[in-house]
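One chain is shown next in structure tokens, namely the form predicted alone.
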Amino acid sequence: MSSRLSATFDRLKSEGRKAFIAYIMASDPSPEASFEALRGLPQAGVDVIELGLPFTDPMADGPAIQAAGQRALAAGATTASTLEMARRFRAENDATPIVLMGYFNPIYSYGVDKFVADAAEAGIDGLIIVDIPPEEDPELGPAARAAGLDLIRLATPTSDAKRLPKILEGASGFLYYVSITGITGSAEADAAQVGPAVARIKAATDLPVCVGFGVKTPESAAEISKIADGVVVGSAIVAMLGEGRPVDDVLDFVKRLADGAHGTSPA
């Protein structure tokens, strides 16, 4: 049976288009505003949704997403409420994939087996857990795969030829290439530097390779989409929500980003 993620990437490939992936933090700035944004993302051109799982110590995240996590926790976000948010979304959208992105501690606290079962039941399609390297994943990876969840691995500019096979081992859905060294939102992705790394990774795997970290504008989304199978934007979207901008304004910005990634930006 084809997963939502593989079906989405197959469809986009057949259409000659690249994927646009948008990240928002669950329950930021409030549960209802967050859900309003979530349900509006597909209509704004988002092909895959990354839903952030709030955590108190997000070590790979920059100021925008750290602040989003703090707002979400202050608004009462929990792992259970995040899964319920996905469940509400699935009640009206059964097509758009949702990847849950976060850290292992909340999953461990929830209980790994219970988490993967509840995530699958809620309509989550995959997991990006940024603080578990492949060598230290005897628990979550096998449980996620058994529950039918794709496990999306991260590669970075320091992932050399010796390291890459280990990263790809057991990976599914897509591979997330972190375009810069450092935290989210800290620099601008440079297509000229990212291109050779993406080409090297694509030579080693049939998985789609999507690029995130440092993509902030429709123009940069368009440039990255020329060299990758998908483009991920998070901090720039989250920052707008954090400023208290109306959700409609945020979704208008998301649509411009999606148009850039899809190569349909107005001249």
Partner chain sequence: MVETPQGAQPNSYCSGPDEQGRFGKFGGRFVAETLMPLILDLEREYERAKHEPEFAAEMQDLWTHYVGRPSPLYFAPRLTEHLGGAKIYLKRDELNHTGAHKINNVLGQILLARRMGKTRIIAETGAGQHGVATATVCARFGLKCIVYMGATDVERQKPNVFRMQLLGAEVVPVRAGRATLKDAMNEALRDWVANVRDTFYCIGTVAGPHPYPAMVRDFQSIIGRETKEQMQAAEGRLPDSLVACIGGGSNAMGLFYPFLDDRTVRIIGVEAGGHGVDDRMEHAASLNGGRPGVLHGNRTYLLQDADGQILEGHSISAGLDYPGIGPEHSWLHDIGRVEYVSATDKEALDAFQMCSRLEGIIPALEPSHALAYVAKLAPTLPNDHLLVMNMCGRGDKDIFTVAEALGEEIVA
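Residue numbers count along the first chain shown, from 1. Worth saying up front: this structure is predicted, and the values here are computed from it rather than measured.
The same protein has a further form, the form predicted in complex with the partner chain, not shown here; the description that follows concerns it.
Considering the partner chain in the predicted bound form, the lone stretch of 233-241, 201-209, 64-72, 217-225 in range is 64-72 [heavy atom distance within 4.5 Å].
Although the partner is absent here, Pro58 is a contact residue: one of its heavy atoms lies within 4.5 angstroms of the partner chain in the predicted bound form. The partner chain in the predicted bound form is approached by Thr79, whose closest heavy atom lies within 4.5 angstroms of it. When contacts are judged by a 4.5 Å heavy atom cut-off, Pro54 counts as touching the partner chain in the predicted bound form. Among heavy atoms of Thr156, some come within 4.5 Å of the partner chain in the predicted bound form. Put simply, of Glu121, Glu139, Asp190, Glu169 only one has a heavy atom within 4.5 Å of the partner chain in the predicted bound form, and it is Glu139.
The candidate spot formed by Ser6, Phe9 and Ile49 is out of contact with the partner chain in the predicted bound form: none of the three has a heavy atom within 4.5 Å. Residues of 116-137 placing a heavy atom within 4.5 Å of the partner chain in the predicted bound form, in sequence order: Val130, Asp131, Ile132, Pro133, Pro134, Glu135, Glu136.
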